[in-house]
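Read the single chain below, which is given as structure tokens and is the form predicted on its own.
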């Protein structure tokens, strides 16, 4: 404690001493000794402490102020621009099983390596100790988290994204909480130098995440996807769900509001769905779900957004656009910084810039990297960090400790050829298996995988599953038994293309699909009962296109979008079955449900051929 006292900047040891929580004190003492910081700052819930983090982020060069007060830009290193799945591993005890999709390393080996990398990693720098809450404060849904970092940018980002919880730690003295230990490591300029030694390790037993030699928020903002892994493990043991889902409120007829959650892989339309005009947003990324009074309820673990900027424009995303222009506090990352203190990103609707500063340093049009590949003026994975409460469409229930009652669950990915734009499963089990567990997506720039590959991503949560996939599926199937009023399950696909590669759907069309789902949840419209689920009737979509997006919707467009290609659908089923056959402890019900869907498709093909218009089926 004397070491901590001597390292704390004036007034901070007193803040630390008030915690009187043996678990917190032990953790901080351990990492002060290991990381050897020059000084320590303890962040409370006060506005003064929050301002200190903002100021230091700029003074240390981790953020650059923009022309608009409160707006800054951060640059990650050239090779530190996305989640590094290869370097993200679980620390596994002997005999502990993880599927082949989940990277792992023997626990003792991993602990030795990560502690070796963390040793003296904060020498000459300041350790920042922060306290946050995942979910509304003092809620049965929520989990407290302790963050230790040496990056003001990381701490500042978390300050925008999460609810501060110093007082909750001080008053509740929790003995169980999530712990995130991060160091940017040795810096070159203001970015991590040794990215070849980037490591992100998760220790489930003690609820700890370690991150070193990286600054990219997906690898370092530990309360986000990294803590989701910890939450999934806990949820599996306690009978609730931790999901990679947005939560949104959709306005329906007669003034009613219907809440939906939705799971989409990165860059698949998740945030834009959560931010539809004239609807409300509770959260855009991660939700904790529980049963309450027989219904499904959800909270957003965050109060901010770490969103992808590419293609955000005034026309396509007016609410986000307005927030980025007018919010009192925004962090932009890996955009182009122009000489007049403004930022540009790919697809923002502006003219091609000539020069500026970006993730590669000083940039001019035509600049190339060492492999002679042209460097774009902004990174494809450029991001913004903003608090949800500044948005005009922020739902008033965002901080409700009771959560919101969810009536619909949506699964969606990038699929250029197979799934129609929207359909509804027959029931919970059918939806969990044929929509959630069968989800695939064509890879985007948000991870370091090869773009364009079709990746198996069940529930949009494969990267974050801290339990075997079979256990995760069983957990979802069993969860329905708690519910007397289960949510309806839907699937969407915004990326269906014709043979020339042109999208069938305009970006605004998703609003129509969501409005149709809202009507289906309340049994206000019928649908065609097809082999894969319920598909909208043309007359309902025709009306909704006029009402929602003021467009005419032709029968020809409807048939292009919703015609079923049986062989494509059968091929997908067989592909999914083969994947699961290679895994252990998969419930037999999964194969039964998939085979039943295959049988329905085979029968439909015998009756109607391989290409089937939806209106040959009966309504239900």
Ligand code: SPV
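Predicted model, so just to flag it, every value in this text is computed and none were measured. Numbering follows the first chain given and starts at 1.
There is also a form predicted in complex with the ligand; it is not shown, and the following applies to it.
> Based on heavy atom distances of at most 4.5 Å to the ligand in the predicted bound form, which listed stretch, 340-348, 402-410, 221-229, 474-482, is the contact stretch?
In the other structure, the partner sits against 221-229.
> Using the partner position in the predicted bound form, report whether residue 434 sits within 4.5 Å of the ligand, counting heavy atoms only.
So residue 434 does not count as contacting the ligand.
> Does the ligand get within 4.5 angstroms of any non-hydrogen atom of residue 71 in the predicted bound form?
Outside the cut-off, so no.
> Decide whether residue 285 counts as a contact residue for the ligand in the predicted bound form under a heavy atom distance cut-off of 4.5 Å.
Output for residue 285 is yes: heavy atoms within 4.5 Å of the ligand.
> Since only the chain is shown here, I'm wondering whether residue 244 would be in contact with the ligand in the predicted bound form (any heavy atom pair within 4.5 Å).
Because a heavy atom of residue 244 falls inside 4.5 Å of the ligand in the predicted bound form, the answer is yes.
> Just one of 515, 383, 182, 143 has a heavy atom within 4.5 angstroms of the ligand in the predicted bound form, so which one?
When the ligand is considered in the predicted bound form, the option within 4.5 Å is 383.
> Between 419, 177, 306, 459, only one gets a heavy atom within 4.5 angstroms of the ligand in the predicted bound form; which residue is that?
The residue in contact is 306.
> Could you run down 83-114 and flag each residue that has a heavy atom within 4.5 Å of the ligand in the predicted bound form?
If the 4.5 Å heavy-atom criterion is applied to the ligand in the predicted bound form, 83-114 yields only 83.
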